[in-house]
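This document starts with one chain, in the form predicted alone, laid out as structure tokens.
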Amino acid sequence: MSAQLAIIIVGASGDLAQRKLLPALFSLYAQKLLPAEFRVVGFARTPRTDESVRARTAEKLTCRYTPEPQVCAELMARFLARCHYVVGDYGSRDAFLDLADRLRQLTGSLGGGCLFYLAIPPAIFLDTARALGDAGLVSCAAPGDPWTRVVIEKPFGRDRASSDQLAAELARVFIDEQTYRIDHYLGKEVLQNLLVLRFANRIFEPLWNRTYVRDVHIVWKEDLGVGTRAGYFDDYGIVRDVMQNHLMQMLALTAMEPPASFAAQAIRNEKVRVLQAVPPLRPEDLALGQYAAAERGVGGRPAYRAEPGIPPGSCTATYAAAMLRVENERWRGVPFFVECGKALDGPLAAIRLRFRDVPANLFVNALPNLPPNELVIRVQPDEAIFYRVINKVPGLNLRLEPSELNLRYRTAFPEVIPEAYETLLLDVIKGDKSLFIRADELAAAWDIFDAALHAVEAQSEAPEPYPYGSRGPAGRAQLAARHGLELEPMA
């Protein structure tokens, strides 16, 4: 780690910077994980002063690692003193020259590490990157020299062609080793543990295949509507916003083969291989929905098309379910049902492996239909791993019922669980790319959805409506039934 570090958040006036990035950096500082000589410089178009930015940032900081009030206040004061702000247009070379001058004033040089986090809309990635390059702020350094790294947020394009173009254009400014494509779900503690669960425990790997696993269900859902993200979301939709990235990362970690080592390159090689083994999604294996109004709680809930900023006739999907296959020796014939949506019946992100039935039910008189064993990895809320098994109920009679072997993180691990952005930002500073998306991995994920997305959008049909707060559209259950799946709720 460099002794000197400048962290530049481009788009510092936005929600991501204020709600996630700056609190994560403060948490790293509170744990003494940042270099002694670091500066955080926000860059955005909104006119602000250092003092006003510090006051706004202070409202979002929490002392998760140092709860003592006096220590907390002192840490906040020292951290905020190292936070600064520069006003400028994102595509302006002169604005970034002003930023370079400010960095020299703060650090005495442009030596050490320089981390640019592009917390801005994807449409202005390229103009911003070019302006950074034209201002001389990007160093292709030799080993031991000051480094430059850039973090970009998804979505990475709208399809395979635009993603490839974005990657090619960014490569004119930042080489691959400098580019960190972030999917914050990979920073979730439970997902990081998935490889340990699989490959450090002898009990799981022999069963982790088509011989024993009947189906895999991956779900991401929110109980809220589009909120303040109307402009962005209506342009991209739920498949591009969640399924093509978050859910494909969850699928890759679930289905990948054991890597040759725990090194970043080996892990990412196996993720690419398994994504390349997923055939392109057929339009008939994709169910789309859009939330409608529902009376729930005070004032009810509006339909998607009635949300502020959404066109009245929008055909953007807020729910998607897809039936995918992994065509390799381990998984051939196992359905992977992936679904995601907004305004559903509760927040949840989880992976469920449902195992095949026991060959013969010796306890048919006690329980005629034995439910299958299930392993559930719950990413959020309330991180947990639990295994559903059949047990005898204590008593003089033979009575069986399903029960759970349950590992709840907050019970098992009393220490503070890091937030995703804490983990990922520290990895960027260290130069560890294990949890970041490689260009060929991104291309493989787009190849799964590209043809189906274009086919659906060419039809310009409205997605099937579903009530706000429900489990989704009727097409969800119909898609699952066509492939012989039962969609019991995941706790």
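When you see a residue number, it is the position in the sequence shown, counting from 1. The shown structure was predicted, so the numbers you read here are calculated from the model rather than taken from an experiment.
Keep in mind that the form predicted together with a small molecule is not shown, yet the notes after this line are about it.
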{"query": "Contact residue in the predicted complex, from Glu374, Asp215, Asp285, Asp241 (heavy atom within 4.5 Å of the small molecule)", "finding": "Asp241"}
{"query": "Selected contact from Arg268, Arg305, Arg388, His246, since only one has a non-hydrogen atom within 4.5 angstroms of the small molecule in the predicted complex", "finding": "His246"}
{"query": "Stretch in contact, per heavy atom within 4.5 angstroms of the small molecule in the predicted complex, of 256 to 264, 80 to 88, 224 to 232, 310 to 318", "finding": "224 to 232"}
{"query": "Every residue of Arg181, Ser434 and Arg438 near the small molecule in the predicted complex, heavy atom within 4.5 Å", "finding": "no"}
{"query": "Contact of Lys154 with the small molecule in the predicted complex (heavy atom, 4.5 Å)", "finding": "yes"}
{"query": "Non-hydrogen atom contact Trp331 with the small molecule in the predicted complex at 4.5 angstroms", "finding": "no"}
{"query": "Contact test in the predicted complex: Ser403 vs the small molecule, heavy atoms, 4.5 Å", "finding": "no"}
{"query": "Proximity of Asn193 to the small molecule in the predicted complex, heavy atoms at 4.5 Å", "finding": "no"}
